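Shown here is one chain on its own, the form predicted on its own, set out as structure tokens.
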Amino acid sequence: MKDILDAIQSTDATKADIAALPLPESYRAITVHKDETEMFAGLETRDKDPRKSIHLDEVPLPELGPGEALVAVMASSVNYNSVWTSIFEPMSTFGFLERYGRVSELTKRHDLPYHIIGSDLAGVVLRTGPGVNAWQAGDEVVAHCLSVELESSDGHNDTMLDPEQRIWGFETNFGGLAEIALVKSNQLMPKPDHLSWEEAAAPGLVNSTAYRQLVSRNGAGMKQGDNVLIWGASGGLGSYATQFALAGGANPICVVSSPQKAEICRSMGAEAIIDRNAEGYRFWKDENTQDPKEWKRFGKRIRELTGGEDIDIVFEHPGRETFGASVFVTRKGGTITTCASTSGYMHEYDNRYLWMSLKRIIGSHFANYREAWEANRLIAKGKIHPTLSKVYSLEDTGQAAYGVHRNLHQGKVGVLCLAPEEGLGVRDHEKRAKHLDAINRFRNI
């Protein structure tokens, strides 16, 4: 691995030099183990500790197949799916690997007693398999996490509809929290040249998810002037939704849970902010009963911030805790888009406010290649910025996942893989200087 790192960091090494480097037989990777899937049995979700289930192992290099690439991972990041994998909720991801292993002879590689996790990366291509023409060894890349087979017609209008659609590093093996990752070549995109490795690795999953959910015609199709309610507006997903709303001429109404998070939203340019804890919103009377009076109080507060207007689009991801309020406050003919359920999957809402007001609920899951490319293009142009707040070493990934699990973080949490320190990999210093305050916004909190 030292020779690979030296070549990547060298100012003299060519793409041919990197292509000629011998590949190691093994590499370090963050894993969870199949024989530990019951280790948290009987514990509440909150009490399950990723630091106990996440391991740093030496693993063998996987076989490179057609249409695939091996990438030297300089940096990655922690997403909620890595947390879910590490606490084996809502189910063990080894079931995903077993099913994928039955697809073909080649996919059997993924069905292992360990799962290399991680759905983001920034790094350098080391090798490409047969049939890969758009990328070559030495290319500096980021990867989005959509893995598809595209042997069914269903996926050829929108690849997210492929029956064999999976999230790389969550529903497949050989993910990005490692020194080397195996990806399909159509996951690769150019690394934004004004960002460091860890900054470039941070947006991938959440930025693309927010783009599809809010901007794309497959999601809400946001337009200028829309009032957009964004739950967790300073978090990993919400911070990108807030930026997309502002960049697209919409009006974000940012829901946060502390004055510190409210200040982050203001620093991004948002003006309409609701601190749900300070204002004491309690949408549930008890575990089984919601409180419509609180929905109405919430809606009244929104109108105070919008000049009497209701919400055009709700950017939903908390799920059970907030969904009833989200449906209620949306304007007639408006849209609720949902991509997750971090507070619970069993949503409840009063359907009268949906059907009689002709509202729409749209399920949105990650993004297709084109959507991910467009989201990355906006990062590369300096229109949207990383929301990286803290960076950990590969050895401390368990602690990073613990912080995300307990919501101790802001924005995104990065992980250095091969990169020996932060701040490396910047190629366009002039562009970086123009956007430095925005790039560091979440680092300065």
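One-based numbering along the sequence shown. It should be emphasised that the depicted structure is a prediction, and the values quoted were computed from it without experimental measurement.
There is also a form predicted in complex with a small molecule; it is not shown, and the following applies to it.
J.: Since the partner isn't included here, can you check whether the small molecule sits close to all of F244, K381 and H429 in the predicted complex (heavy atom within 4.5 Å for each)?
T.: Not a single listed residue reaches the small molecule in the predicted complex, so no.
J.: Given the stretches 244-252, 148-156, 319-327, 299-307, which is the single one in contact with the small molecule in the predicted complex, using a heavy atom cutoff of 4.5 Å?
T.: One stretch meets the cut-off, namely 319-327.
J.: Between the options S26, Q399, S393, N407, which residue brings a heavy atom to within 4.5 Å of the small molecule in the predicted complex?
T.: None of the others qualify; the residue that does is N407.
J.: Which one of Y281, Y114, W84, W373 is close to the small molecule in the predicted complex, taking close to mean a heavy atom within 4.5 Å?
T.: Filtering the options by heavy-atom distance leaves W84.
J.: Heavy atoms within 4.5 Å of the small molecule in the predicted complex: does K184 have any?
T.: Heavy-atom contact with the small molecule at 4.5 Å: absent for K184.
J.: Hey, in the predicted complex, does Y211 get a heavy atom within 4.5 angstroms of the small molecule?
T.: So Y211 does not count as contacting the small molecule.
J.: My question is simply whether G411 lines the interface with the small molecule in the predicted complex - judged by any non-hydrogen atom within 4.5 Å.
T.: Answer yes; at least one heavy atom of G411 falls within 4.5 Å of the small molecule in the predicted complex.
J.: Given that the partner is absent here, does A340 sit within 4.5 Å of the small molecule in the predicted complex, heavy atoms only?
T.: Taking the distances in the predicted complex, the answer for A340 is yes, it comes within 4.5 Å of the small molecule.
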